[in-house]
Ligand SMILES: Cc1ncc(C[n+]2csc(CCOP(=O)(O)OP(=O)(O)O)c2C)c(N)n1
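One chain follows as structure tokens, the form predicted on its own.
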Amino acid sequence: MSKKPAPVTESDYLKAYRTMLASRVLEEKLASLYRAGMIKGGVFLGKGQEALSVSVGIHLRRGDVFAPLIRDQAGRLAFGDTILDTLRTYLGSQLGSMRGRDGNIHRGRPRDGYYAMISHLGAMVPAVAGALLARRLRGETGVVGATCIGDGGTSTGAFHEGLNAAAVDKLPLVVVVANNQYAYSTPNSRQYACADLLDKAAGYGVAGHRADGTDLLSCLETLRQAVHDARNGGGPQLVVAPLLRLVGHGEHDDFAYLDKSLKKSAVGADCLELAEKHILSQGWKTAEDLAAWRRETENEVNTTADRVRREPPPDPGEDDWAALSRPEYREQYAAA
């Protein structure tokens, strides 16, 4: 297989940036709706993690498997999710893909390879590994599966079992670790004792990659290589990216435990702001262009939110929900 995929172009970078921007503006709206009491359940923002997240979703293609986590709105949009369906899920519209019946971060379309999250504590690693093994047994080739996880999730049994199984079977699995410095409120110093999370790659016998989670170009180049290698027979790929989530664990969390020195360090940089500076420094767009993009995105998000708020919630008296998905199974169960 070729060792290097095609380089990241200006067009690639701008496409990724616009997806990051859409994610940031959308999540700002979600936070506002949550504070206004219009969203039931938690709201978990990906502020500071958009560069890494978008780089995962943007390098997958139709037929691949993607299992995003709670801070992967940018990756979700890059993989084909929409602002409309996101707002429908958060606001409980029965017209959304989850029909207003499931938690807002558990949305997905499994038939399209877009997996609904079970848990962000490692559970999606074995789920995606199992999906890839099933594809192999069906004779499908050229498929890649990717999932994201936090630094705390790498301490779980599900992470170990899933990555170990993928390594043994050389599955085309890409596991992306957003090392955002905290497992909820537990700092890295109390989370793992190894010098570097990337050291775990060698322990499992898988390829390891490091990206700067605050740098969009670094994330795009690293994920492009990792997905390319997985797709071309390289087996599992572990990507580790240091960064800092720039908000609390969720909108309910005031982030009072943050070590303020981290905010001033390299990992505390805002990836969206750095991407904007890079675009301007390269002369690809002007400040006026970027401002216009933001206004356009804000208008789309606000208009869509107003539309969704007028849509009906699910009616438990009329909903045809059933735990068994196929009608013949439901009929057999009812007759038993």
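Computed from a predicted model, the values in this text were never measured in an experiment. Don't overthink the numbering: it's just position in the shown sequence, from 1.
The same protein also exists as the form predicted together with the ligand; that form is not shown, yet it is the one meant from here on.
In the predicted bound form, segment of 89-97, 212-220, 180-188, 139-147 with a heavy atom within 4.5 Å of the ligand: Careful reading of the contacts points to 180-188.
Contacting member of 290, 33, 70, 269, with respect to the ligand in the predicted bound form [4.5 Å, heavy atom]: Of the listed residues, the single hit is 70.
Quick one: of 113, 242, 153, 162, which gets a non-hydrogen atom within 4.5 angstroms of the ligand in the predicted bound form? Answer to the contact question: 153.
Contact of residue 232 with the ligand in the predicted bound form (heavy atom, 4.5 Å): Residue 232 lies outside the contact set for the ligand.
Residue contact check: residue 120 to the ligand in the predicted bound form, 4.5 Å heavy atom: The answer is yes: residue 120 has a heavy atom within 4.5 Å of the ligand.
Residue 249 within 4.5 Å of the ligand in the predicted bound form, heavy atoms: The answer is yes: residue 249 has a heavy atom within 4.5 Å of the ligand.
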